[in-house]
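One chain comes next, on its own, written as structure tokens: the form predicted on its own.
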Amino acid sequence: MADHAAKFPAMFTPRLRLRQFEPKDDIGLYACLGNQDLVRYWDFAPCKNIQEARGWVRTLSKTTQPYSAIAWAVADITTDKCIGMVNYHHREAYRRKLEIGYILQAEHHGQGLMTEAVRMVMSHCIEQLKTRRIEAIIHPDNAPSIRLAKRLGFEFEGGPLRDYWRVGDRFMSPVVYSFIAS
């Protein structure tokens, strides 16, 4: 397991450390995934308690295989406290494409932190994994996420994808934004 951790692609921005999830990240991740307002546009229900967040931390800490998915804890560079997450998933290496996701604690919104984090992950995917197409599947009412995607060069591509996500007993119809690396 130590060998896996040594290969994890940790990255730094001026204000953030993007690293593998650790058990200490449960509180920080719960502040994201347990917040109804933050996950209302996600394709799963919010965590009901810290134990559920711990389960997510365990799962996310194991996604170190670059061939399908990786999740990074977004940590404050000075305190190393987890304040969010960026991941890629649904990677198709042959087609050189993947999907990207992100979430940040509400008190850190509006500071450009997620722009830094997502830009760094996009660079990693393009340069290291030779990804050409990056998709962001976003609920059409999630204006902050759409603004972030546009700021990073994503373009609206289509949708809504009718009943694409199921959350409990309801269905949601997100839209697709894409970034094409030149």
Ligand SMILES: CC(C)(COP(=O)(O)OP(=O)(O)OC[C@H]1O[C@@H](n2cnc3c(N)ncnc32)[C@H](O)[C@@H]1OP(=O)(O)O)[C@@H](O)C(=O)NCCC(=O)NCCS
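Worth saying up front: this structure is predicted, and the values here are computed from it rather than measured. Throughout, we count residues from 1 along the sequence that is shown.
The next section is about a form of this same protein that is not shown, the form predicted together with this ligand.
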Residue-level question: is A69 within 4.5 Å of this ligand in the model of the complex, judged on heavy atoms?
no
Taking this ligand as it sits in the model of the complex, is R15 in contact with it (heavy atom to heavy atom, 4.5 Å or less)?
yes
Going by a heavy atom distance of 4.5 Å, is T131 a contact of this ligand in the model of the complex?
no
When the contact criterion is heavy atoms within 4.5 Å, does S61 count as touching this ligand in the model of the complex?
no
Among the candidate residues A53, I137, A31, M122, which is the single one with a non-hydrogen atom no more than 4.5 Å from this ligand in the model of the complex?
I137
If we take heavy atoms and a 4.5 Å cut-off, which stretch out of 45 to 53, 123 to 131, 143 to 151, 23 to 31 is in contact with this ligand in the model of the complex?
143 to 151
Would you give me the residues of 109 to 133 that have any heavy atom within 4.5 Å of this ligand in the model of the complex, in order from first to last?
H109, G110, Q111, G112, L113, M114, T115
